[in-house]
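In structure tokens, one chain follows: the form predicted alone.
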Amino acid sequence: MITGQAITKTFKQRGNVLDSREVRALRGVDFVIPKGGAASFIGESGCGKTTLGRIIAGLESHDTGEITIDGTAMSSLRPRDRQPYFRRIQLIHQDPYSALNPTRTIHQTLNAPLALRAKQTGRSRGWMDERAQEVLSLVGLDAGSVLGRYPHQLSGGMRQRVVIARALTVDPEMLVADEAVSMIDVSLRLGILALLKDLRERLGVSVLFITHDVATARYIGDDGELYVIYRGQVVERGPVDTIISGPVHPYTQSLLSAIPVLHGLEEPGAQPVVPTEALDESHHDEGCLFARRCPFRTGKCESEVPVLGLGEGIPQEHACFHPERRAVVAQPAGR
């Protein structure tokens, strides 16, 4: 199990050296990802979900808070001693075109982590070759036709499968899929999503899916938790289907209201929610971070900060002073 408590992260804004403004990427985020389970982080671009994923994978430091892996607090260990823990967590990059070295064959790409593991465990060269073929088979690729090729000789979908195979070489306990299908042809996306779901079921690996697409989050982790992140803060959290069928935070409702409707096949949600204005990060709001854009805001929202928690009669956690379940997802026409 991997948990996070009050994770914060602030970046110095690049540009003018005299400009000392900071960007608060994460504002005290809590999360729990059970062993073999699934969780999804969703939100618009710049909300902090990718930064959080990189922190969980050990590729980014955080300012304050605690990451705990299988009961061990990472802050209690030296950086060198944390590596075996973070090695269990492998990141699947968003862009399969830049994630692979164009000068290396797929065989060389897979051999790099396998050689390190073979050295640590005393395995033979023959084991490395067998393991390379095994992980390619797990992701649905024929080793005989792929190992000798270079990345540019593969399709986008095949490259992403190689990226997943490379992650599997170290027998991870968790995969962090950061927008793993956003740069793949639409016709191939379902195959990659089905693969991630299959790996979770067959190998028992946990999957953290980072996306702005609610539909893909629902497909990967239909039995998992959904974390809705806005400006570095979790504003709604709960079972995937519970939140999609009845979101209570206006930001979640606006995300779901933005899902395209196929006219003639689907009807818009009964109560679509639209932000009153575009996102402007230059505003340092004193109260609720979404208040300036919220169509339901009151004076309390602009002056006080809501805390994530449960409300009376509402099954999911939320950070809103005026939560109300609204059906905003499109329904099949004729219902």
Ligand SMILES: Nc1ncnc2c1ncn2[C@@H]1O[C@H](COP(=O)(O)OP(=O)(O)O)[C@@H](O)[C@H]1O
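A residue's number is simply how far along the shown sequence it sits, counting from 1. Predicted, not measured: the structure shown is a model, and the values here were computed from it.
Only in words, not in the display: the form predicted together with the named molecule, which the text now covers.
Asks: From the candidate stretches 29-37, 286-294, 42-50, 63-71, select the single one in contact with the named molecule in the predicted bound form, where contact means a heavy atom within 4.5 Å.
Replies: So the stretch in question is 42-50.
Asks: Even though the named molecule is not shown here, does Val23 get within 4.5 Å of it in the predicted bound form, heavy atoms only?
Replies: Output for Val23 is yes: heavy atoms within 4.5 Å of the named molecule.
Asks: Looking at the partner-bound form in the predicted bound form, is Glu281 within 4.5 Å of the named molecule by any heavy atom?
Replies: The answer is yes: Glu281 has a heavy atom within 4.5 Å of the named molecule.
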